[in-house]
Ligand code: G3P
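One chain is shown next in structure tokens, namely the form predicted alone.
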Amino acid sequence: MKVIAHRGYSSQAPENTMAAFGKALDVGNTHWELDVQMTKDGEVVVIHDETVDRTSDGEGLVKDLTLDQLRQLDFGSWFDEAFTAERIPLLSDVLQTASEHDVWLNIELKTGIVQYPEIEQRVIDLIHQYDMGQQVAISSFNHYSLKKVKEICPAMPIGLLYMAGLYEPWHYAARLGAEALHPLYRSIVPEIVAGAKAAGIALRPFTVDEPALIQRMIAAGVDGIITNYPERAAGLLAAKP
């Protein structure tokens, strides 16, 4: 079972920063989830929100700011003063580090609110530039975006993010050519697990943090969990009889 660090080790460092990914490496975690948006000048950056307001000392939409403007902002002190002056990473920064440490990445396209022109192509190009095609999955709540990924690169693995109670979602996944389902953890019930396994579709629920919930996902036999506490999850997985 993959233990996937949600936005890096985001309970120990500011989310979606190189500090958070470094903290994951420090505890031996080599499976990371991250979010990407696109700047005014077409750079793919790692940030969850469409605005910088929550996770920096600035304001405004990512799409309205250039990379230079974003790089002037502090993306760490909101979390803790120890991370003051932490900068927003480019996707290429994370891919470089991942390629050097044999890390598997789940790259989430944040295209549900802002429609970034050609972000799918740009992300795929970057993945290939760093020779990471065998070590990634691209996910999104915007399944039209994931369909575009498959049209551009049929071999690129995709994971369908969703929060609804989909009926027999493995059939839907197969229709889109998806290799994985990434549901909210509440969707993990025996019939979903059995159906997905029979269809060869991986199940990687989010966001699984509490010890009892982690243990329930382990017992259910999911293929991975996305968690803010990767060290906790790894310990519980290792302790499984």
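All figures in this text were calculated on a predicted structure; none of them were measured in a lab. The first residue of the sequence shown is number 1, and the count goes up from there.
What follows is about the form predicted together with SN-glycerol-3-phosphate, which we do not show.
With SN-glycerol-3-phosphate left out of view, which of Lys40, His48, Arg216, Lys197 would have a heavy atom within 4.5 Å of it in the predicted bound form?
Comparing distances to SN-glycerol-3-phosphate in the predicted bound form, the residue within 4.5 Å is His48.
Which pick from Leu90, Leu73, Leu161, Ala137 sits with a heavy atom within 4.5 Å of SN-glycerol-3-phosphate in the predicted bound form?
Residue within 4.5 Å of the partner: Leu161.
With the distance limit set at 4.5 angstroms and only heavy atoms considered, check whether Lys2, Tyr185 and Asp223 all reach SN-glycerol-3-phosphate in the predicted bound form.
Not one of the three qualifies.
Any of the heavy atoms of Lys110 lying within 4.5 Å of SN-glycerol-3-phosphate in the predicted bound form?
Yes - in the predicted bound form, heavy atoms of Lys110 and SN-glycerol-3-phosphate come within 4.5 Å of each other.
So in the predicted bound form, is SN-glycerol-3-phosphate close enough to Phe141 to count as touching (4.5 Å, heavy atoms)?
Yes, Phe141 sits close enough to SN-glycerol-3-phosphate in the predicted bound form that at least one of its heavy atoms falls within 4.5 Å.
Heavy atoms within 4.5 Å of SN-glycerol-3-phosphate in the predicted bound form: which of the stretches 171-179, 208-216, 29-37, 63-71 has them?
Of the stretches listed, the one contacting the partner is 29-37.
Do any residues of 1-20 have a non-hydrogen atom within 4.5 angstroms of SN-glycerol-3-phosphate in the predicted bound form? If so, which ones, in sequence order?
Residues within 4.5 Å: His6, Arg7.
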